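Here we start with a single chain on its own, the form predicted on its own, put down as C-alpha cells.
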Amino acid sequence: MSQTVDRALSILPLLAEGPADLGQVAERLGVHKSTALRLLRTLHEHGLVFRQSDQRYRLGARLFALAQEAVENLDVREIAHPHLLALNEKCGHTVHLAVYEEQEVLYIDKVESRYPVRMYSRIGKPVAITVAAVAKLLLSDFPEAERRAFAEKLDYPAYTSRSTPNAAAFLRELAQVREQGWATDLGGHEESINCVGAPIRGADGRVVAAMSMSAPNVVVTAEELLKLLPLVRRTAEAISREYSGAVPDARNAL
C-alpha cells in the first residue's frame, strides 16, 4: 500500500474516536500540517470526512452510507457455504446454517452427511426452537429482557426425555450458551441425534447466524461429536471474520 493511501486511511479510525482538528490529525499521522490538510481535503471531496463550523473534522455521511449499503448486500449464506462444505468434507457429518427471522429460527443452508443415515431437516423450514443448538445460539444473543419475554411465550414440547421442559430451564441454558460461546443438542429433539454449534458474528459482535454439525449415535457418540466442537468453532470464527471484513490473523494466513 502506498504511503499516501495508508496515511489517508489512518485518518478514518482517528475520526471514529471523535472530531479532531488539523493539528491533532497531523500529530497522529506524524506529518506536517500541510500534508494532513491535503489528505483531509481529498477525503472531504469524496464525502468520507466533513469539516465542521469549528474547523474540526469528523467522519462524513458518505462513509456511513457506504457501510450501510455494504451490510445490506452481505449474504451470510454465500460467505458461509464454502466453509460449511470444507467442514463437511473433513468430518463427513451434516452441517447446518440458520438465522433468526420473524419469531422463528430457520435453516438457510445444509450440507448433507456422507453417511447413509440422513437427518430430516430442510432449508427454509423452522427448527425446534426450544432444543436446537442453532436456536440457542441465536436467542442467547438477545438482550436479557427480550430473551426472557421470548422464552416465556414459547411452548415446550417433550420431544424426548432430554427436551427443555420449561422457560426457566431454557433461560438458564441460554445464559450458559451466551457465556461459553457454543451450544449443543444432545438428544433433545431426537433421541438418536446429537448436535454441536457455534455463533457467526458481525462486525459489531452480535450474532447474525449460527452453524451446527449433527450426527446420529450410530455414526458417532455424543462424546466423539463433542471432540469436534473446536473445529466447528474455528469454522464459525472464520466465517465471522470474512462476514465482518476483519483483517485475518497473520499467523493463520497461508
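One-based numbering along the sequence shown. Just so we're on the same page, rigid core means the largest C-alpha set that superposes within 1.5 Å between forms. None of these values were measured; they are calculated from a predicted model.
The discussion below concerns the form predicted together with the DNA, not included here.
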Check your understanding: Is the gap between K33 and the DNA in the predicted bound form 4.5 Å or less for some heavy atom pair?
Key -> yes
Check your understanding: Looking in the predicted bound form, any heavy atom of R58 within 4.5 Å of the DNA?
Key -> no
Review point. Contact between P13 and the DNA in the predicted bound form at 4.5 Å, heavy atoms?
Key: no
Review point. Hey, in the predicted bound form, does G23 get a heavy atom within 4.5 angstroms of the DNA?
Key: yes
Review point. Among 214-222, 199-207, 182-190, 49-57, which stretch sits within 4.5 Å of the DNA in the predicted bound form, heavy atoms only?
Key: 49-57
Point to revise | Site check T4, L37 and R41: each within 4.5 Å of the DNA in the predicted bound form by heavy atom | key: yes
Check your understanding: Does superposing the core leave V25 with a CA shift of 2 Å or more between the shown form and the other one?
Key -> yes
Review point. Relative to the superposed rigid core, does the CA atom of I11 travel 2 Å or more between the shown form and the other one?
Key: yes
